[in-house]
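Only one chain is shown below, in structure tokens, and it's the form predicted alone.
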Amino acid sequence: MKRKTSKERTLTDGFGKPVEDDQNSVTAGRSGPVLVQDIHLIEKLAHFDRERIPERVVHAKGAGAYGHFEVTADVTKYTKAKFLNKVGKRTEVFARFSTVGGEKGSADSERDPRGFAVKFYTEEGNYDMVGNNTPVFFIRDAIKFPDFIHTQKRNPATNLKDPNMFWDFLSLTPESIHQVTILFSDRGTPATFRHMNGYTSHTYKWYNDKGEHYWIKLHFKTEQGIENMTGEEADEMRKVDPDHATRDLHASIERGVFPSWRVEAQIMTPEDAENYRFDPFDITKVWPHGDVPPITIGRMVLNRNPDNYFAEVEQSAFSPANFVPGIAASPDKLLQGRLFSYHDTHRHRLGANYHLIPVNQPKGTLANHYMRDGPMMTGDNGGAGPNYYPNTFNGPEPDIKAGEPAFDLQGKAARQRHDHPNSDFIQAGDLYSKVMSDQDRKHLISNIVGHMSGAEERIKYRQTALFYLANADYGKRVAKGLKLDLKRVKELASMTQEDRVKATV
């Protein structure tokens, strides 16, 4: 902790009045009772009663740090975003890393995706990259998200983690197989926050001054090298130090060893996207590097720890809807839901004026709008200026140049299933057979078998059939580990998903 200067050392109440005694309540006589006129006591207790804000529903436990992003390649052909308009240009950033499904008190070494969020304080406002340490996700439609997260939390009857809930949902959601395969590999237990990559996962749109647009994905590649823990090592770390990754990030920066990431972009033209072999907006799929080679565009370095965890890390609020001119959303259905949900959850957790919290305020420009009033209005609330638009009192005006180029939409408005012809199982199978080593596959099977062993047999069969569909060896080895009848697994794998579900209800 930093020592206070002499001017800062006088204890005051919340309004600046000096406090003469912070160890003894005002009482009638030495033994009391306590008098209600002891305002300092009442305010101290009242604030204590309210000092816990609601926990994040997801990404509850995290660590953060400040640093900078530096442009290393010319990308002005693709985007007019000003913070990307010059090689060598630096922009201040704040990054937060987190576990996803666990509570705030969970261990850093839990098997879980890791949140990887970066706030860029640009001269055109804040741009937030809100991703994970994996390039894909479990579901492709936001309407499934509350159900998915419920299955990762606690059983409503027992208040215990429940493998039946976990695997029942995943086995009913075949699109999850790619992310499940990553999660139960050693990539599901990163050694530290410094030794993992980050990804936008979603596809986004970049557009230039000419109105041309491109579809992009960003990758933050750790320059420390990838380091993961085995399942056994992660279990042991939970016992030894449940906060090891939080501790590691802070300690590394404190001793001057600043973590860094090489930032890469995959860029696809609209014409290529139109005829691509996978749905380019499906977050359960990657763009293979052979199809869309990544190019290095920048470097991120974290070099300053927060002064106060609550003020800066706990109250930091990221949203994939925070864009700047030159960057916009794609038709990705999961992203479309997140564009609403993130701002909404911040309003619930931090209040309507959460954007006024210093860590969330823009630093490269001024916020200038007509939103007024509400709880925790700590700014000047627009001062004497108008609180409506249009007006003739010199209020802020829209800038037509800030808009994104239009793109065509077509099709019927209805609840429609994803019907892209390419299977949900191809990339998971390729990951298993072409990317993983023998040791990786051994750990993957062991982790899955250990976790799924507590689920009901019918659920084991249904999920194992999905592994078999991804890769026959994958399914066979899981079936062997769980002591399942392989003939039954193959039979289920040969069915449609609807029939497979009927057969295992």
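Predicted model, so just to flag it, every value in this text is computed and none were measured. Position 1 is the first residue in the sequence shown; the rest follow in order.
Although not depicted, the form predicted together with a small molecule is the subject of the following passage.
Undergrad: When the small molecule is placed as it is in the predicted complex, which of 355-363, 99-107, 341-349, 182-190 ends up with heavy atoms within 4.5 Å of it?
TA: This holds for exactly one stretch, 182-190.
Undergrad: So in the predicted complex, does residue 263 come within 4.5 Å of the small molecule, heavy atom to heavy atom?
TA: No, residue 263 sits far enough from the small molecule in the predicted complex that none of its heavy atoms falls within 4.5 Å.
Undergrad: Is residue 379 close enough to touch the small molecule in the predicted complex, meaning at least one heavy atom pair within 4.5 Å?
TA: Heavy-atom contact with the small molecule at 4.5 Å: absent for residue 379.
Undergrad: Are any of the heavy atoms in residue 431 no more than 4.5 Å from a heavy atom of the small molecule in the predicted complex?
TA: Yes, residue 431 lies within 4.5 Å of the small molecule in the predicted complex.
Undergrad: Does at least one non-hydrogen atom of residue 286 fall within 4.5 angstroms of the small molecule in the predicted complex?
TA: Yes, residue 286 is a contact residue.
Undergrad: Heavy atom within 4.5 Å of the small molecule in the predicted complex: which of 111, 219, 244, 140?
TA: The residue in contact is 219.
Undergrad: Looking at 452, 445, 436, 469, which is the one with a non-hydrogen atom within 4.5 Å of the small molecule in the predicted complex?
TA: Checked against the cut-off, the match is 436.
Undergrad: Each of 116, 299 and 312 having a non-hydrogen atom within 4.5 Å of the small molecule in the predicted complex: is that the case here?
TA: Per the other structure, none of 116, 299 and 312 touch the small molecule.
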